[in-house]
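Two forms, one protein chain; structure tokens for each follow separately as structure 1 and structure 2.
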Structure 1
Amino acid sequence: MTLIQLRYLVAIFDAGLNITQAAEHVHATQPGLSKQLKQLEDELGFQLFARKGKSLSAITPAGRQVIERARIILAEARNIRALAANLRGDDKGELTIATTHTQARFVLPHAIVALKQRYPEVDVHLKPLGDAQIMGLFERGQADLALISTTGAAPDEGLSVPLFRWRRVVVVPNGHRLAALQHPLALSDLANETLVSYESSLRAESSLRRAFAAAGIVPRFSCTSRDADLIKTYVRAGLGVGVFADMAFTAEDANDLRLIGGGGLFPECTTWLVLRRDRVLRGYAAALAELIAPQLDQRDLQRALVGEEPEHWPQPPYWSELQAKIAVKRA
């Protein structure tokens, strides 16, 4: 049994039992994989895959167990290499981030630009997804880190670090009758409006719905999306009152959209950086965290990952405060 054999094994499995395709993934030849697989099976003394004629038709139950273990082994081998790369200051690598559209579009850009400036050799892969899918991807180990927002407690998978807090804004097109409201906006003002908001607001447990429910209102959504840009577009098109993250309301939006409230209407949200405890954090990944939320210290992050730190994080600042600081820094 060698690391190479295990690597080939999972490659074959992940390629859907197509050895030729797997060979491309691992930059090797097809007969090479074929032979190594056979050798591994010979050594273990049983079939990892069921054969139908010459081609692989299915994985055996035992094979599945071996692959599970092999994944752990390969992950730890990667960890050792990552450890080494960090130590020798190797600034080359990849960074896969699972997050929501809003974070990817309005929070991450400046941080990633700064990251690429400092680490030109790092390739960043963004995976904008729905909330549930983010953690799914993350748990399957297909992302190095996740950025996710909650109203209350931290996500229960992995190590969660609070980055910043934010609030929802309520937005209408210029000229909308709510734009001329004389008193501060209340939830009751929205009782008869149709709303345009995030897809996640449709879920009964969403904090938005619960806030409305507490006020005795059942909100109507004329249009929902994961994409804050789309939400703004449909607000402009007159489909209703927009409710979305304050990060997504830009200076340009102020030209034709009117921010009519948000402050205390809905519970505040926290955006968390979620890391896998079983994965070594590359230096540039820690740097990204610091670029997003400068109150964090890379070394605290690394220490928390190995469990040396009490893992207690201070209440994070509001996004607007971070935004201001970053603007100052840039000037």
Structure 2
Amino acid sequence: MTLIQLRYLVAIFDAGLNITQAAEHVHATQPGLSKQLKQLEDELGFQLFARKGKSLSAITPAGRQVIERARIILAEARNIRALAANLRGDDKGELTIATTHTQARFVLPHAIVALKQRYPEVDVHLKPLGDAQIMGLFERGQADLALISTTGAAPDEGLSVPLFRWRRVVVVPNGHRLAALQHPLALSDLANETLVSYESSLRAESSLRRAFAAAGIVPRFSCTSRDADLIKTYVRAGLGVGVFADMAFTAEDANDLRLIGGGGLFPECTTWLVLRRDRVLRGYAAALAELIAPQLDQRDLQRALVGEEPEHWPQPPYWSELQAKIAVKRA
């Protein structure tokens, strides 16, 4: 039994028993992966997967037990390599980040550029996903860290560290009737408008939907997307009023879009850094957190992962405040 065989086994399971997809994920050939699986099953003396013809059809009960333990073995092997690299001062490695499209597009670019300048031999892999998929990828061990936002408590999995707070904004094209409002925007002003917002707004538990429900309004969505840039595109096309994260409204957008409010209409959100408690944190991963949110100390992150979590993390600033501080620091 080898670590390679265990890695291939887990990859097959995570790929939904699709050998071709699993082989692509581990950068192996399909015949090579199948050969290693057969050798592992021969050594163990039982099948890990049920077959239907030449295809894998299901995980066997014994196979499920083996995979659970294989994940532990692979995680500890990875931890040993990470610990050794940290002790050697080795700055090479890979960093896989599961996050939303908005965070990937508007929060991470400057931080990752700065990280690459500091650690040029670190390869960064972004996994932009919907809210529901981010933590699934993280829990399966397919991401080193996650960036995810909530309007309430911290995510349940891993070590959650608050980075910053942000608000939703309401945006219309120049010339839209709401752009001429003579009073602060209220939810009632949106009652007869169609909205363009995140696809998460369609979920019953969405904080945006709850805000409308509290005002006795049923929101109507003409279009939804995971991507704030697409939301803005369809607002420009006249499909409705845009509601999205304030960080996604840029100076260039102000040329043809009008921000008319929204700050106090919806619950504020917190963006969290979520780290795996079962994984040794590489120095460059801790550095990324500090580059995004300078109020954090890398040493506090390292201590928290070994059980010395502070009673309170620093109060996360609003995104606009954070950007102002970072701009001053760069200047």
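Just so we're on the same page, rigid core means the largest C-alpha set that superposes within 1.5 Å between forms. Residue positions are counted from 1 along structure 1's sequence. All figures in this text were calculated on a predicted structure; none of them were measured in a lab.
The form predicted alone appears here as structure 2. Each of the two rigid parts keeps its shape between structure 1 and structure 2, while the smaller one turns against the larger by 23°, per C-alpha superposition. With both forms fitted on their core, the C-alpha atom of Gln47 sits 5.9 Å from where it sits in the other form; this compares the forms between structure 1 and structure 2.
Relative to the superposed rigid core, Ala62 shifts its CA by 2.9 Å between structure 1 and structure 2.
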